[in-house]
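We begin with a single chain expressed as structure tokens, specifically the form predicted on its own.
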């Protein structure tokens, strides 16, 4: 960084055939204040492998978001056939072949932990690639800028248009841009509600005014936030609202790959004319193409900055210039702090991906993934819970028999009804009575398909067996057709000994 601070004053002209931009870093350290009115940023369109990668990822991400609710998945009769559905009304979450009940919310927790660990791992290896390519704020902002560029032109045209007085040409361009932004925002809000209802049904009901009030409410909220965050706030969301830039600094080290200006090669910078020698100077010709391309309004040459989202568009912009001045590409590139230091000392560069923090994140990801996979493979379609009556804890009948009341909750996750047998594992003298059962089938429980069903049960212990304060009880339900069982522990209270 000393090379940057001590660089000589730039020359007046750049190399022949290379345009010099008048771009200034909007978010330079000298301009950062506690409150600073937003200055518009006009990112210039660049061409290159990273810009192409962003286009591809943006199309894939938007395609998945908008089209996924319409993908069908056959789960049998009576079950919803939408592949991804958050069914609040029936307390279910469907993800293709996986159906989660409220009792299995730990899978959602595990998925969130897994996503966080993956983010930690990727950040430790490649810096903020999530922010630069996959973050929804980046994807939608990129889309909105593309629309803006379509109607108002590239950087210089947009800047001139904003400075012009209002005219018919300026009005139709601005109105058209905002109209398309609103359509995109509405489509984004509309797609969101499709994940919570049957997509085709809610789509029809929405336009006929028959959808639920919450559908219109969340449609309005998502439309407003998309239009505001991606259309007008843009880089301010990343700089002021998102906590991730503050966190990610703790996840990287000197060997993490980040978008970097190779100061060891670029300095001292300055304008360069065709035919002049490159001896005694760096490769940076101070054309500011990297600043003009940056959607965050920063100058990557000022070093690592909180505002940098790692989109790598400055790499494409710089590589274009390096080709024009016949210098090697990669003046701005994915590199590490350690490698820059090593080159400045005349040492060879090296990349070390297997570092302790990387191994730790990978091990945790493997452990969480293994646990979730084991849980899914061994997931039961039959669950049982019991709740003992608390008021009163027990009842002593006229003949001295002690009775406890229980509620058994049976979860039948299968797609067909079941008839189950309930049994006890406890003192052989204990008797069980299922309320509502017939004499012909006193221990049979009929549970409809895909349902949680409660049953009332009384347990009784004769007076000659009441010789302790409590007795451990295990309820067992068995499906005679499949042999599948579920059990739950409980306690029988006798009141003996003052309890």
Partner chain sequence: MTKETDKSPAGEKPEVDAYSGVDTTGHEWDGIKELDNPLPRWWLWIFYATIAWAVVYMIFMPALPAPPGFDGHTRGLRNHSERANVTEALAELQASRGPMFARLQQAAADGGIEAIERDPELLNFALAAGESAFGDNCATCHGAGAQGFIGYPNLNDDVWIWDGTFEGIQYTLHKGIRWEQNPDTRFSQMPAYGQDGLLSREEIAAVADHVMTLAGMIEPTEAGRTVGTEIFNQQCSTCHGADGTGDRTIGAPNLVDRDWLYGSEPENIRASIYRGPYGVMPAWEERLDEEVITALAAYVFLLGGGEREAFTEAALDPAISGGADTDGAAGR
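Positions refer to the first chain, counted from 1. Everything numeric in this text was worked out from a predicted model, so none of it was measured.
Below: the form predicted together with its partner chain, not depicted.
Checking 136, 268, 392, 110 for any heavy atom within 4.5 Å of its partner chain in the predicted complex turns up a single hit: 392. Listed stretches are 66-74, 455-463, 53-61, 39-47; the contact stretch with its partner chain in the predicted complex is 455-463, by a heavy atom cutoff of 4.5 Å. In the predicted complex, its partner chain sits within 4.5 Å of a heavy atom of residue 403.
Taking the partner from the other structure, its partner chain in the predicted complex has no heavy atom within 4.5 Å of any heavy atom of residue 488.
Residue contact with its partner chain in the predicted complex: residue 198 places no heavy atom within 4.5 Å of it.
In the predicted complex, its partner chain sits within 4.5 Å of a heavy atom belonging to residue 427. Residues 421, 423, 424, 425, 426, 427, 428, 430, 431, 432, 433, 435, 436, 437, 438, 439 are the members of 420-439 with a non-hydrogen atom no more than 4.5 angstroms from its partner chain in the predicted complex.
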